[in-house]
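As structure tokens, one chain now follows by itself in the form predicted alone.
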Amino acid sequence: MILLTNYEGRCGVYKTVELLKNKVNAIRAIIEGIKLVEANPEIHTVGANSLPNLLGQLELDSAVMDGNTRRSGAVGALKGFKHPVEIAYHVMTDLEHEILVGAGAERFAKEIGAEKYINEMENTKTAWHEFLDSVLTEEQKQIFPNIRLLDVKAKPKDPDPLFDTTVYLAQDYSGRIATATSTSGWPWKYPGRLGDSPIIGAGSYADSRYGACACTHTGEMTIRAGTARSVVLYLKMGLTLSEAVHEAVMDLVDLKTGFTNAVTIHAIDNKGHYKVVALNPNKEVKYLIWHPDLDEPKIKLAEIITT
């Protein structure tokens, strides 16, 4: 058994470890951990009280994947529900589809009885108003939101490194490997933007025969490189976990435009090995690891790759 998460997922780790120890399958174990992150208003990158899009709306993304069947479920640009990861799970179990977005995802959430929630809290509103005040002209402020959003000045060109998706990767007692992700996405994003988190093969991928991978930070880059699937494919080709992650990093480095700085790859293989690397971060990148040889989850630092 093994559990690997990034530091944003810390508040749910003990719950997931408890469930894994009690032989709950990896999918349900990681979902229950992520639900605690989604409900925690102290974490501003996932679920309640996160930072919104340009219109002040929290659009949430999430995905789950079962490495035994390679079935997945994902939701994108979801508004007004407490646990996107649970809704993503039901996309996988209740539909023949793999991803739902926007109004369709919200209709589905209502039909399965998902818990509704107002995720925009005081911090969300305050931070959004302060951001708008710093970037809008006086004329734009008078008529907002009836402006051309493309004209918003000083929009962020590189995502703030403080903000990250929550990713969980686990292998349970039976050998099943699973992944789950949840995020509020790039702060101040253009409405409707999807990053890599709900895109299976980019932000996460699980295959119990080989391993799993999940990525954080600028999803546009890992979408372009198909990073999560690439790591697993490199494992299938016979590379070690370290070699597989290295090749995926080189694929990212070869991209000619965009922001690869701080993109972080989290990976496990089916033998219980793990690897976390971060590209050119401007601060240390933490993650948590647990396996049966550890009394409790341990915080570690990602390997830094400078390009």
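Residue indices: 1-based, along the sequence shown. Fair warning: this is a prediction, and the values are worked out from it, not measured in the lab.
Below, we refer to the form predicted together with a small molecule, which is not included among the displayed structures.
Novice: Just to confirm, residue 216 within 4.5 Å of the small molecule in the predicted complex by heavy atoms?
Specialist: Close contact exists here: in the predicted complex, residue 216 approaches the small molecule to within 4.5 Å, heavy atoms only.
Novice: Consider residue 207 of the chain shown here, and say whether it contacts the small molecule in the predicted complex, taking contact as heavy atoms within 4.5 Å.
Specialist: Output for residue 207 is no: heavy atoms all beyond 4.5 Å of the small molecule.
Novice: Is residue 164 close enough to the small molecule in the predicted complex to count, meaning some heavy atom within 4.5 Å?
Specialist: Residue-level check for residue 164: yes, a contact with the small molecule.
Novice: Examine residue 185 and determine whether its closest non-hydrogen atom to the small molecule in the predicted complex is within 4.5 angstroms.
Specialist: Result yes; residue 185 sits at the interface with the small molecule in the predicted complex.
Novice: Looking at 82, 229, 224, 193, which is the one with a non-hydrogen atom within 4.5 Å of the small molecule in the predicted complex?
Specialist: Looking at 82, 229, 224, 193 one by one, just 193 meets the 4.5 Å heavy-atom criterion.
Novice: In the predicted complex, which of 164-172, 144-152, 123-131, 232-240 comes within 4.5 Å of the small molecule (heavy atoms)?
Specialist: Of the stretches listed, the one contacting the partner is 164-172.
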